[in-house]
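The chain that follows stands alone, in the form predicted on its own, written as structure tokens.
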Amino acid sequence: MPSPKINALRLNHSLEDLGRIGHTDQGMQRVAFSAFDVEGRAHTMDLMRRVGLEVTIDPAGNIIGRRDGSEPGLAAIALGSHIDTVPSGGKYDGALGVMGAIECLQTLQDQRITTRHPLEVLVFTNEEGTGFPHWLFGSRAMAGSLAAEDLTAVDQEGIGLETRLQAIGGDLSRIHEAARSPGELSAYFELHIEQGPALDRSGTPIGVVTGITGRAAFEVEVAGAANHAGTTPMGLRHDALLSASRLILTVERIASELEICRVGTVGRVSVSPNATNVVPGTVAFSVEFRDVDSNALTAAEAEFRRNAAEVEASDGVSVDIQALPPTIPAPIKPEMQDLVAEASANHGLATERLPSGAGHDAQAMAAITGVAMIFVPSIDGISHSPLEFSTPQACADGAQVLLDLLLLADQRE
């Protein structure tokens, strides 16, 4: 039986409509828990109801749209991603996975096709972890893998999680109820832009993801001694910024020169008192290492801590390193990769197998169900930027493969 065809024009219109919410001259500002995020969530739930989904919000703020299947007792096949963005981000990251999933359900409704399994469209809370620095929050809650520090954290405005969750329909007091049991979901499928250059460079329309990178993240504070910039001799200074700079270069060396892990990044730095005529007394900065191998992440952390101890001893400063909850690498089972390749072949779309350098909700969901990911090209490999772009054809190809993937899984599970 020929596969039903998604409506490419409708899909790309839905991406454009969502992309207007939070759009500014500096890029997308639909940061989790913001007013733009709340507006985007309401818009998305309206779309879900229009395609006949029963929409609920779990205690972690995850949006769940469900459609019953024809055979009682079967576990649900879930599709989804997130709609929150990084500050000044793009309009495809996460959004394509959600709008693509809704388009799949709309196509099934249009064609009056009922699957054997129930279907769920999932929109996860705070995937990016930027405004509230605990990423993959919603998917980790659904996987039952939240840590104690996730629940007591405050955001950059000093507002706690309880307040933020209430604003989007969640409930911190019942957060444990967001966890789904293994076996409750038959599979989780996520469509996403690649966020890297491989597919764009090779001209391959579909990426079959082989595994998702893990992340070791840290908050670092270097405490020296603030003093007058004109009267404090160079040899008597305890310059926190100078010491922090040495550690920032260490992050670069760990990933590039020593090749201990795939990448290392310092993305945020705060200097105090941040005055032109004062030797910096305190510097706080973020550090993250990413790799598909947990051992590489452990080794990178050990090397960074060893260098921090050397800086403390040589510079007369103190270095405090606080580890954030880690994200564990998630290899994707070969049989799930093969299913994506088969769905692509149904439409004559070539595939390339590649790991994901970015983290995704799928890696949290891998703790409770089998997962698969579909990548489509990002032009010039750009993401987390206003310049982020995937062509309308690429978006449509990805959604079509997503639909075939769920139909293949529906017949085989």
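In this text the structure is predicted, and so the values were computed from the model without any measurement. So that there is no doubt, residue numbering starts at 1 and follows the sequence shown. The term rigid core refers to the most C-alpha atoms you can superpose between the two forms while keeping them within 1.5 Å.
One more form of this protein should be noted, the form predicted together with a further copy of the same chain, which is absent from this view; the next part is about it.
With the partner left out here, a further copy of the same chain still marks one of 300-308, 339-347, 172-180, 195-203 in the predicted complex; by a 4.5 Å heavy atom cut-off that stretch is 195-203. In the predicted complex, a further copy of the same chain sits within 4.5 Å of a heavy atom belonging to Arg290. Among residues of the shown chain, Arg237 is one whose heavy atoms approach a further copy of the same chain to within 4.5 Å in the predicted complex.
Taking non-hydrogen atoms only, Ala147 never approaches a further copy of the same chain to within 4.5 angstroms in the predicted complex. A residue is said to contact a partner when one of its heavy atoms sits within 4.5 Å of a partner heavy atom; Val55 fails this definition for a further copy of the same chain in the predicted complex, lying far away. Only one of the listed residues (Pro59, Gly69, Gly357, Gly370) places a non-hydrogen atom within 4.5 angstroms of a further copy of the same chain in the predicted complex, and that residue is Gly357.
Here is the short version: of Asp155, Glu252, Glu221, Glu162, the single residue with a heavy atom within 4.5 Å of a further copy of the same chain in the predicted complex is Glu252.
Residues are counted as partner-facing when one of their heavy atoms sits within 4.5 Å of a further copy of the same chain in the predicted complex; in 261-280 these are Arg262, Val263, Gly264, Thr265, Val266, Gly267, Arg268, Val269, Val271, Asn274, Ala275, Thr276, Asn277, Val278, Val279, Pro280, in sequence order. When two forms of a protein are overlaid on their rigid core, residues whose CA moves 2 Å or more are considered shifted, and Phe124 is not one of them between this form and the one not shown. In the core-superposed comparison between this form and the one not shown, the C-alpha atom of Glu194 has shifted by less than 2 angstroms. One change in the predicted complex concerns Glu259 and Ser202, whose Cα atoms lie at least 3 Å closer than in this form.
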